[in-house]
Structure formats: structure tokens, C-alpha cells
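Presented as C-alpha cells, the chain that follows is alone, the form predicted alone.
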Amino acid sequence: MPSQDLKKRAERAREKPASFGPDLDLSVYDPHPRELPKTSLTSLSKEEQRALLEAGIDPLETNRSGSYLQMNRSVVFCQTRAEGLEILSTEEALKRYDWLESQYWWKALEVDEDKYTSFVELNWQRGYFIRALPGVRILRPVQACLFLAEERVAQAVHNIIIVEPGAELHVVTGCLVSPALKSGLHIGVSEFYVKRGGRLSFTMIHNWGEEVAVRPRTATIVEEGGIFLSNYICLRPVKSLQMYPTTYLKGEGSIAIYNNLLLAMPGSSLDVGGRVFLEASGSRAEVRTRAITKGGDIWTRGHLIGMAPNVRAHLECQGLILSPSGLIKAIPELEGRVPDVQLSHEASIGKIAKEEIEYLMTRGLTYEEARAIIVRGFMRIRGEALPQELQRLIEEAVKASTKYLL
């Protein structure tokens, strides 16, 4: 289990604010919720199953390679359905594998990065461990759900994903609250490791509540020839969200691509970024964000650091303002440390063009139908060889959020 040195470092960072986003008073949340009994996905209420579906989690496990469901601190369902795939809680994985702590636990992230990483270490409540064994291609997605089931609960999880050499893994994570809840805190520390020639696509759909605060802390290490593809979707009301996932491209020819879809409702504050260290020759990266405000505030950050020759990377942010109030602020950073790097960025923020609406209306559409088509088109993700099932999930998540988008 985690060492005392980690605990001491976490203690010293207990009050350390994050570099970005509003500071949170963590003392108002309960970090010790009661244990919940094990169950099946189909034993949940109809309302809860519907909420799972809207977050990309299929209670019937159709076309899934395995499932993990954690409600508050309790692992209530965990099942593997494919050869060469492991799904455990991180608590169980640490007991089973001596090498997990020494090689992966807090190796991509610092435990004392801020008060939120500290909180997870000091109040650790399990999390998922997902591993694709060497050379195994897991083409059907694994689904993992982190669920807040009680009001004002603090969920503090530590997740690990390992894609061994030559393996392929697709993970969809749905994070949400019980339909009757409005408030709570979710802090998720996630460390991803993509080994030589491996491929990981990670699609996260956040469906939170109007008074929920969210502080994910994520880092990925990619070795030679590895590919990491991240799709992040937050199109439902949330009070405060701050995340700045970081990828370290350590192997030649490694690739990282981030796609973010964001919506800020009135009263929401979203501070979302993506940072990539291109440390090896021939590495590539893209960070793309589509942001819509309907009265809330959005900060989109991107930071590309070229540290080796023959690296290429691009930042792209497009913002759409659908309300006279609210804010979208794009903050790109490009940092070249050696010759022969090519880093670029582009950003645009505006409103729906009147001409586009009028053109579609001449084709027989109503104003509302024309506006819906434009907004949905704006939120489309370009899927880099994603399995058809994942591409469908992303499209369904956008469709399910129509009442918030329009």
C-alpha cells in the first residue's frame, strides 16, 4: 500500500491552491461516505440506468469488454468480459501486484501538486485499474463509471490504466450524479501508461449536477510509437470544473490528441486545458477544443512544449457565444526549446452567423431546426480511427444534451 512518505508529502500540500480555477473549501464535503452493497447495472433504478446511458455506460453491457461501477467510495460492480484484459479496483490491484506501487503509483503525477492531489492521497477511496496485456487488442470498449449517489459527498479516487507493448484499448468513462442530486465533490487522480506500440483511446463524458465541483488530475506517459487519444465531453450543468491533463511523449513517433467539447450554463465556471511535452524526435500532438457558453464562463488553455527535433503540434480552439452574458477566453501557449520544432495555434470566438440560419431556413427548416443543425455540427469530433461504437457514443452524448445546447 502507498508509503508513509507519500502521506507526509500530501500533508504538506493540504492547503496548497491549484494554479488555475477558483479555490474550493473541501471541508464542506463528506470524505467518508458509507459503504454501499454490491449490485448489478440492471438492478439500478430506471432513472439511474437512463443517466448511465446518457453518460455512455450501457447497463446491458452491449458491445462492451468489461464494466466497472463505483458509487461514492464503494465498488458495486466489476466484471471483465475479454481475454487479456484486467479490471480491478486500485485497492485490489495494489494487493495483487507488488510492482504497481513502485512503477506506477504517483509516477506520472506529483502527490503534492496541489490540495486536490493531496486530498485524494489522504482520503483515497479506491478507483479503477484497467490493463491490456501485451499484444492484446481490446476493440470493444471498456466502460467505467464513477457515480455520486448521496448529497454533498466527496469522491476521491485514484485510477490507473496500463496499455502494455503492442496492445490496444478503448475506454469510455461516465462520471455523473444520481438524478435527484445537485451537489457534491469529485476529485479523480488518473495515471495512464501507454507502452511501446500501444494505443489507448479514452472518452470521458461528464454529466454532473448544478452545484457539483469537479477537479480531475490526469497525466499520461506514452512510449515509442504509442498513441493516446482523449475525448472529453461536458455538456451538462456543473458548478465548477478545473482540469489540465498533461501528456509526456517520451518515445520516438509517439502521438497525443485531445478533443474537448464544453458547455457553460449560467453560474458555471469551466477551466479546461491540455498540455503536451513533446520529448522525443518525431512526436506529434493536437489539442482541439469546441466551447459554447450560454451564460457561464469558460477558460480554454493549451500548452505545447517542443523539447526534441522534428516534432509537430497544433492547438485549436473554437468558441460559440449563445448568450449576451458569459465568457470564453482562449489561452494558447507554444514553447520551443530546440531547433526544428513546428508548433502552431488558431482560435476563433463568435456567434452563429445570421446568413447560415437564413440559408438553412430557405431549405425548409424552421429557425429552431436550423440553429440545432449548426450547433450540433459545431460540436462534432473528428474521430481518429475510433471504433464505430465510440463514435456513436460521442454523437449520442451530444444529442442527449440538446436541451442544454439550444
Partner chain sequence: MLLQIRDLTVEVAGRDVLHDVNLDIGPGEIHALFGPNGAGKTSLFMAIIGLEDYKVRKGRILFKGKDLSGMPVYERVKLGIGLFFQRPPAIRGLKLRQLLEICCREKVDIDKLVFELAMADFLDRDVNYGFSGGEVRRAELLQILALQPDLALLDEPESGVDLENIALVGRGINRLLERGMPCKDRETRAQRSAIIISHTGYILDYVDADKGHVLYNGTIVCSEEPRKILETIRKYGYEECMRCLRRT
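Numbering follows the first chain given and starts at 1. All values derive from a computational prediction rather than experimental measurement.
Although not depicted, the form predicted together with its partner chain is the subject of the following passage.
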Are all three of A132, R137 and R217 close to its partner chain in the predicted complex, meaning a heavy atom of each within 4.5 Å? no
Of these, 62 to 70, 44 to 52, 361 to 369, 334 to 342, which stretch puts a heavy atom within 4.5 angstroms of its partner chain in the predicted complex? 361 to 369
In the predicted complex, the residue from H314, R301, R126, R290 that sits within 4.5 Å of its partner chain by heavy atoms: R290
Considering non-hydrogen atoms and a 4.5 Å limit, does its partner chain approach H32 in the predicted complex? no
Does at least one non-hydrogen atom of K354 fall within 4.5 angstroms of its partner chain in the predicted complex? yes
Is there any non-hydrogen atom of A347 lying within 4.5 Å of its partner chain in the predicted complex? no
Is G377 part of the interface with its partner chain in the predicted complex - any heavy atom within 4.5 Å? yes
